[in-house]
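Consider the single chain below, provided in C-alpha cells and representing the form predicted alone.
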C-alpha cells in the first residue's frame, strides 16, 4: 500500500474491504478498527454482478450518511474492480468527493516476476472471456496478457473449479494466432508477504483446463521479440537525425 492509501484507511470513519488473505485483513483492522468485510456478499453460484451491485449500495449507504468512507481492495482498486468504479461514479453524481488511490495489480507483478518490459515490444491486455467472445484484434509481435482464464465464460462466484467448457474454444482461437509449440506462461502473483509467484511454463498445445485456477493470468510472449538495445538505438538515431545522411 502507498503512504496515501494507508493514511486514507487510518483516517476513515468507516472502512470496507475485500482481501485475499488473513494477513491483509488483520493489517486493515490494525490500521482502523472501524472496518467491515464485504466478503459476506459473495455466495456460492451467485452472479458476481449481483454481488458487486450489493457491495456498491452498501458502501454508498455509509457515504450518503455523511461518513468519511474508505474501501480497500486487494491489487489495484481500479483493475477488474467494478464496485470501486461504480461506487465512485454514483457518489460523484450525488455531489460527494470520491477519489481512487493506485495500487499494485497482478500485471505489475507479472512484469517484475517474468522480467518483461512492455516498452520494448508493447503489451496487449484483455479479459479472457471478452477476448474470445468479441474476437479482439491481436498483434502477435507484442506481448499478450489474458486475465481470468480460470473463470472463462463463467459469471458466477464459486469456491472451487469453474465451468471451463469454453476452454477448447479459447485454445482454438489462440491456435490461429500462434504455433502449437509457442511457449506460454500461466501466472499467479504471490498474494502474501514473501509468497513467491506461481508460474507454469508450457507450450500452447499442452495447456489444459486443469492447469489454471480462478487466480490465473495467461502470458503469451511475442512470436518475434525485438532486440531491445538495437531497436532503441535505431529509434534514437532516427529521432535525432543521426541516422540520416545529408548531401
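Positions refer to the first chain, counted from 1. Computed from a predicted structure; not experimentally measured.
The following text describes the form predicted together with a small molecule, which does not appear among the structures shown.
Only one of the listed residues (105, 124, 121, 129) places a non-hydrogen atom within 4.5 angstroms of the small molecule in the predicted bound form, and that residue is 105.
For the candidate set 200, 215, 180, 47, a heavy atom within 4.5 Å of the small molecule in the predicted bound form is found for exactly one residue, namely 215. None of the heavy atoms of residue 170 is located within 4.5 Å of the small molecule in the predicted bound form.
Contact annotation for residue 189: at least one heavy atom lies within 4.5 Å of the small molecule in the predicted bound form. A residue is said to contact a partner when one of its heavy atoms sits within 4.5 Å of a partner heavy atom; residue 80 meets this definition for the small molecule in the predicted bound form. Under a 4.5 angstroms non-hydrogen atom cutoff, the small molecule in the predicted bound form lacks residue 153 among its neighbouring residues. Just one listed stretch, out of 70-78, 90-98, 170-178, 134-142, contacts the small molecule in the predicted bound form at the 4.5 Å heavy atom level, and that stretch is 70-78.
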